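Okay, so we've got the same protein chain twice, two forms, each given alone as structure tokens, structure 1 and structure 2.
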Structure 1
């Protein structure tokens, strides 16, 4: 059912399913080790999502869809048991919008049929995966076309094949732009505290044969001042109705620095990231994570007495600092109006 995945066009297939068994590359062990997990039961799928074997909202959604198929094989005709599995699946990462969305779609199919049909569920999971691959291709083409030939770009976090079902969102634009000869220089923020840039984006770019340089986030301003970068390109966790963008911590800093240096800012995300019910970014709560994430880099597993950290997981970039937002429907520019998508 993944015949449409094309490694040349779509990057690295980090989520694989043969109809019975799910294969996931363990992202926690990259880039040191390319270790694959083979998962044939729903508890294994739930554990893989909860333990960050797989991360990135679209990749989690695709994984969950295949998990629903695996649960159906285990449950046979036990519809109530399957629904219990789906409830636990959604709770594996309660804040992941795409996870809840994918599970809801599988439940809708079952509701329409009245019983569990593993083959029908597998076909639906394949459609979800293929739609993500196609959306990624469309975003990569549309975003790349905006970039002036010879440009340098700076990206943040990981938004590629490890985070989606296909070539990625922002990283898809970067790879497509390099292949189309439009992007001449690629820089990636290491992205503290989880280092998704230096661990995952670096691994993906090297695998795709794209030359790049990783920077610490403190170097982004000096890089822009040097003239090496013309575009900042990031993904999004959520986009409010007015175009305010919630994304990985550090994105807002890049947007401010970009505007100061005359560098443009592009946000790339599937339309499922748009939240028309959220009028602007002021309503988006800034979630705090475990301060231990900050201290581990300093060699400390726990904080010594008197130590403390402020560790927000994302920030909000005002729409006024975003030059364009790319979805599978095309390129939107301010003032943003997503009512037709």
Structure 2
């Protein structure tokens, strides 16, 4: 089930599968500890997705595909039970369309066969994983070619190998751009409340030998005003047919700041993140997480008595604020139309 992975250009594999057991690096414990979890049941897969052991839309999709294989081994001939598992799997993270897309691929295979064939499902999951690796390579090449030599870039959340099957989406563009000599300065937004930028992106950039600086989110405007960055480059968890982008909370704010300061905005995501059935961003369900996460990120065990928080995981950036959207098919520019893909 191993994909055609090349560490010299693809980073590292954060999702591994041996046909029966799924191995995931626990992203909650990075960068302090590189701890791998071995998961052999569908409840464990669902929990890992919901609890952010694995995160990033493409990586969630790959994980879900392998989860479908694990569920088939557990269910045997119980097709109805397997479909129930797939429903629970889709609900683990409802905003990331790659999750539903991967499960739909596995369901389509089962529907065509009429029964559960774990080996056939494992082969399909492997194809999904390998396709993501190739898509990452194509996006890295296409996105980096757009960037003017000597540019500075700011990225948000984590979009590298931890979030995908390969080198990454937005971070893949950044790493390829540095290797090609097109990107001269890299800034990673800390990304509250889980600090995916200062924990995960920083860890990946250091691992790749890329020089970078982390900024607190409140410093983004000042950074842009300084002239140090020419591009904001982010990933996406869902892209509507009109080009509206759902991504990690804070992306919308960066897009607004970028437009004000004359900084360009690039979104990088595989075609599996496109949702042609979603006309615009207004219909995208935004996941709300436990308000206590806001205080746990500050080192407190729980939310203090009498306190409250609004804790959406994503926001929607209007297509009008996005200068280009990069998929494995190439670079799209406004006006966007992803109604047919």
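On a predicted model such as this, the values are computed, not experimentally measured, just so you know. C-alpha atoms forming the largest set that superposes within 1.5 Å between two forms make up the rigid core. Numbering follows the first chain given and starts at 1.
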Quiz item: Between structure 1 and structure 2, which should be identified as the form predicted together with another copy of the chain?
Solution: 1
Quiz item: Aligning on the rigid core, do we see the C-alpha of residue 333 shift 2 angstroms or more between structures 1 and 2?
Solution: no
Quiz item: Relative to the superposed rigid core, does the CA atom of residue 82 travel 2 Å or more between structures 1 and 2?
Solution: yes
Quiz prompt | Threshold 2 Å Cα movement between structures 1 and 2 for residue 104, core superposed | solution = yes
Quiz item: For residue 64, what C-alpha shift in Å is seen between structures 1 and 2 once the core is overlaid?
Solution: 3.8
Quiz item: Core-aligned, what's the Cα displacement of residue 113 between structures 1 and 2 in Å?
Solution: 5.8
